[in-house]
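Structure 1 and structure 2 below are two forms of the same protein chain, each written out on its own as structure tokens.
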Structure 1
């Protein structure tokens, strides 16, 4: 097996996130399988980097996975994900005093979404509305909060602004990831007495490591075995895992991207 460093790509919008990758790189070095981290400004650049073989493996958003899947005719290799990447949902939230109790009540209303390329805060919920009889561009008004375009919704700002707009009465409903909704209710960012969830999407998956089709499958498997040895009870690993929001790395799967694929077909997002 080659001893060359495995090049792993990640999208970075905050320099503090490099600490996470420093810990991961140190761990892989200790395990005798050195990696080189390559950082990108946005996912489009990272997928370009994977296609150009600047990197062997990409830490991809779901949309970046789909982009890679399409560009490689489905031959890219799927890798691990965080435990928290599995079975996520998007929630539809309204003000309690709005009188809106279900999705049909959003007909003709204004809905607050996150960034244009956010799977959880725009693409998947738009597809969910479509499946429930509300067509994009016809049955409701889209009010978008484009924070961090290119980051595929990694930055929470767009979702937070959409929820604040809901609180301020600027929109009739807003969408956000279930984890954010729960966290904001808990820390008081959102007032549970004023807001209520009227619907959720079906479960979907989030980020996933993706390897180039030509990258050695044997090395990719070995790399993932090492990754899965990261241990939450190890102090250094815990710091990294807390920052990245996971307790353990789990096997990847692509079944959880079905809704995003449907959304992409519906909106022709990556075809634009």
Structure 2
């Protein structure tokens, strides 16, 4: 097997990303399988980098995975994901005094979404509305909060601004990832006495490692075996995992991306 460093791409959605990958790189060096981290400012650039073989493996958002899947005619290699990437949902939230109790009540109303390229805060919920009889561009008004465009919703600012607009009465409903909704209720960012969830999407998955079709499958498997040896009880690993939002790395799957694929077909987002 080659001893060359494996080049791994990551998008800097936050300054802590370089700290996260510094810890991961140190661990891989200890394990005798060195990696070189290559950072990108957005996911489009990272997918370009993977296609151009600047990197061997990309830490992809779900939309970046779909972009890679389409560009490689489905031949890209699927890798690991975080335990928290599995079975996520988007919640639809309204003010309790609005009188809105279900999705049909949003007909003709203004809905707050996250960034234009956010799977969880725009693409998937729009597809969910479509599947429930509310058509994009016809049955409701979209109010978008384009924070961190290019980061595919990794920047939480768009979702947070949409929720704040709901609290201020500027929109009739807003959407956000279930993890954010629960965290914001817990820390008091959102007031449960004023807001309520009226619906959720079906479960979907989030980020996933993706390797170039020509990257050695044997090396990719070995790389993932090392990754999965990271341990939350290890102080350094725990620091990284808390920043990246996981307790363990788990086997990846692409079945959880079906709703995003449907949303892309509906909105023709990657086909523009």
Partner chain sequence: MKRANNEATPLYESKMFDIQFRGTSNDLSSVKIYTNKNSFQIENQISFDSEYKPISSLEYFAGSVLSSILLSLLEQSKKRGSLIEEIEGVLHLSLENPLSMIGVKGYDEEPFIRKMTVTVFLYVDLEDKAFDDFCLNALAKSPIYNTLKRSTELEVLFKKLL
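Rigid core (definition): largest C-alpha set, two forms, superposition within 1.5 Å. Residue numbers count along the first chain shown, from 1. These numbers come from a predicted model, not from an experiment.
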In this pair the form predicted on its own turns out to be structure 2
Determine, after fitting the two forms on their core, whether residue 253 shows a C-alpha shift of 2 Å or more between structure 1 and structure 2. no
_Rigid core fit then residue 15 CA moved by 2 Å or more between structure 1 and structure 2_ = yes
